[in-house]
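Just one chain is shown here, as structure tokens, and it is the form predicted alone.
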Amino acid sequence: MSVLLDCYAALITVDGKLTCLKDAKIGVEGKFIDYIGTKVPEKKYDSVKNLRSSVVIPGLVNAHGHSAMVHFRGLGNGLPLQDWLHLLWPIEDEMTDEDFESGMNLSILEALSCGTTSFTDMYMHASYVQKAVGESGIKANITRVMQNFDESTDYKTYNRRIEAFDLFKNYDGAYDGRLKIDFSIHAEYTNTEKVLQEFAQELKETEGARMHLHLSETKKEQEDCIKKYGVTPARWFERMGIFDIPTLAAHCVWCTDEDLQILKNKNVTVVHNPESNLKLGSGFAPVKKMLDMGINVALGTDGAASNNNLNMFEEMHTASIVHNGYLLDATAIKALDVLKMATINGAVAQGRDNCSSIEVGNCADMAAVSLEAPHMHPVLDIPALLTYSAQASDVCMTMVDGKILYENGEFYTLDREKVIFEAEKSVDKLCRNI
């Protein structure tokens, strides 16, 4: 099947940079983009979709989250990170496969309605919840996260290691490449040095391995690591050999200049999570320094329990203004910088170089943002409009691999009522004694 999108404008990629093309026509053949221009192409498409009142953008990539945490949206409000984690961990231990599946489905429902076409997830029970990715049509990089507090653990027989490698072996590249399996370390403070050294060595010998971890999210994490090991978490992970694997590091709020240089030298992608960092009182990541150094910076929501949503438009808006405020510089972070963080940069971090960038030959992962609401007028500067004014509710279409998964409130691969019913059932069970 083929379709021609007739748009008011599109945010396309030219020479690696985002640029706005007015009166855009985008041709999609199967799962790929095969035409971009302002003239009607000579090729005849099976259908033409009228998006004359919309701007088509690359699909948004939520580069860090914990999807099934949607079950705990609003739980533990007002607590600092460490106290918040100690509230959640015992509840998470009670979660069944069905709870993780219902949480994943609810999060995908939310993501698609917000224009997100791909997400990177760090959580548990991944061998079970991966089917939610397959059935929904979205793209995702998921993991079986590594946590270990016991120095006597035998690495080779450790259940989390076995689960992680089985997941990678069985599902990496599944669903025509929509699903990728990453490896994951929760954080320095939730793991032992012995296990991670062995983990790093095995991953170096594993073709296609990618790493997803938390790094320097809080001042306490940074200071405690220095007290324990004499080095920062970034230097510690480098010493473990973890950064020799392509790595996506979430937060990086308290990274020093030396830490940032390590991340730059090791080609680590940083995932900025401004709303979670603000809500938990973690601080302000030095994103301007990162961008100036040429570090690849992506954007993520973190889990819905610490945000409290999966709305990438809110994330873009916050990322675009908060740094200008504390740096006292209205030019610190530009709209196009943030749009790139939310699209191309995230896709690169996922190992998806041909996604979330509107170019001929790339996968047709796109979202249409309606201009019909009053807050979307006047249309003077489209990148600024998308970053500062647009709301997730303005998304009127989400397409992945050339298939429309969400359009004008309708979900084509998920049963909205069933998903919400199953999610509420899980929440009633997990949170009834809180």
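One rule holds for the numbers: they count along the sequence shown, beginning at 1. All values reported here derive from a predicted model rather than from experimental measurement.
FYI, the form predicted together with another copy of the chain isn't displayed, but the following is about it.
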*Using a 4.5 Å heavy atom cut-off, are G173, E198 and M341 all in contact with another copy of the chain in the model of the complex?*
no
*Contact residue in the model of the complex, chosen from G351, G177, G241, P80 - any heavy atom within 4.5 Å of another copy of the chain*: P80
*Only one of N191, N296, N308, S127 has a non-hydrogen atom within 4.5 angstroms of another copy of the chain in the model of the complex; which is it?*
N308
*asked:* Taking another copy of the chain as it sits in the model of the complex, is T38 in contact with it (heavy atom to heavy atom, 4.5 Å or less)?
replied: no
_G208 versus another copy of the chain, in the model of the complex: is there a non-hydrogen atom within 4.5 Å?_
no
_Heavy atom of K139 within 4.5 Å of another copy of the chain in the model of the complex_ = no
_If we define contact as a non-hydrogen atom of the residue within 4.5 angstroms of the partner, is D381 a contact of another copy of the chain in the model of the complex?_
yes
*Quick one: which of 361-369, 385-393, 29-37, 53-61 gets within 4.5 Å of another copy of the chain in the model of the complex, going by heavy atoms?*
385-393
_Going through 303-342, which residues have a heavy atom within 4.5 Å of another copy of the chain in the model of the complex? Please give them in sequence order._
N307, N308, N309, N311, E314, H317, I321, V322, N324, G325, Y326, L328, D329, A330, T331, K334, A335
